[in-house]
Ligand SMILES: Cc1cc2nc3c(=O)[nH]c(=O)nc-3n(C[C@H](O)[C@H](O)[C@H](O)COP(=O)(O)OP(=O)(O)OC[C@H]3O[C@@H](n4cnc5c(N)ncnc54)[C@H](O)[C@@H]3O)c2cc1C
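Before any questions on how it binds or moves, here is one chain, the form predicted alone, in structure tokens.
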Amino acid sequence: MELYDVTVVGGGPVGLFGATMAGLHGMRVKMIESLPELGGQLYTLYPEKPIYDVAGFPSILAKDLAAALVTQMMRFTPTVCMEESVLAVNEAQGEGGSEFILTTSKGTHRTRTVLIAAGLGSFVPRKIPALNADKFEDKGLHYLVPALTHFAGRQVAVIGGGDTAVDWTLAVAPYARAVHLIHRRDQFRAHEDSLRQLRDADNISVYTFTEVKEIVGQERVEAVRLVDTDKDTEVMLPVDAVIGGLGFVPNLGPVKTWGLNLKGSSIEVSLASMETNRQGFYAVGDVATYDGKVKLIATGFGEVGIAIARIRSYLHPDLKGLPHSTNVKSLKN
């Protein structure tokens, strides 16, 4: 069984970039992903969602960013294991020193270090707490959004007040006849530029201090009954589709048994190294937490740079200096 320098657990955007950076600096890299496709939430949950906060891209669809990250990673030919979940991690002593044995749903793997980039872990969408919501799932009520052309010419209600709900509203608006963003407060957890776009759009209506009491229809969604919690009034809003943008409930699964210090559903790491309380174990992206943590893809990319520099020093303590984005390998003809 081949021994790898680093095994990346998780094939989302941050994990893909982690494998790229490790490969760039000459490490033997393996990636283990539980889903049948690489890209994590970008590909699985919102492939059609525009991403605005990745450097170098004024706007890029989530699926296109995922594809670009996969292409970037595959230049370094890592070993990629799909539809395989890591169940347990044990330390062992090999010929070259300490190593880890990863037991998965399909077998075992040897690695000198582990880089956890599991995002939110497994996740299920937060359900809309409205009457009949369960009746209309996939019958006009969407938690995982289909191709945006599906909403062409329709009246759409989006529920929520975070980045996901606001971004979906902006993404659907060019296709839909009208989009109604419904939020139970008057404060939105979204980028200021996104809020500006909401205000400037001709076919977007924003309802604040408003909750969905009931989803109404025969075979499919036909309307939502709204409650204005500030005025204590109700109104029936005709719509053809409802998008739930309330976020997702995370579950780390077996990671909880790996002996790592946890804070809620996140792994505590040192900001200086991204290392966990277990030597040789590192975590980056949404799964990692420290004082001042901001959950952005861009933040995860920066954490990868820190982690790979420390992993390189851990594997080769004799090497001086930190790695750069160009090395001798990249200068070969």
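Throughout, rigid core stands for the largest set of C-alpha atoms superposing within 1.5 Å between the two forms. What you see is a predicted model; the values in this text were computed from it and never measured. When you see a residue number, it is the position in the sequence shown, counting from 1.
One more form of this protein exists, namely the form predicted together with the ligand; it is left out here, but the text below deals with it.
The shortest heavy atom separation between R278 and the ligand in the predicted bound form exceeds 4.5 Å.
Contact annotation for I297: at least one heavy atom lies within 4.5 Å of the ligand in the predicted bound form. At the 4.5 Å threshold, heavy atoms of V255 reach the ligand in the predicted bound form. Residue contact check for Y46: one or more of its heavy atoms lie within 4.5 Å of the ligand in the predicted bound form. Picking from 228 to 236, 91 to 99, 198 to 206, 78 to 86 the stretch near the ligand in the predicted bound form, with a 4.5 Å limit on heavy atoms, gives 78 to 86.
The single contact residue among V269, I32, A66, M27, judged by any heavy atom lying within 4.5 Å of the ligand in the predicted bound form, is I32. In the predicted bound form, the ligand lies within 4.5 angstroms of at least one heavy atom of each of the following residues of 8 to 31: V9, G10, G11, G12, P13, V14, G15, in sequence order. Once the rigid core is overlaid between the shown form and the other one, G162 counts among the residues whose Cα shifts by 2 Å or more. A movement of the C-alpha atom of G247 reaching 2 angstroms or beyond is seen between the shown form and the other one when the two forms are aligned on their rigid core. Here H191 counts as shifted, since its C-alpha moves by at least 2 Å between the shown form and the other one after the core is aligned.
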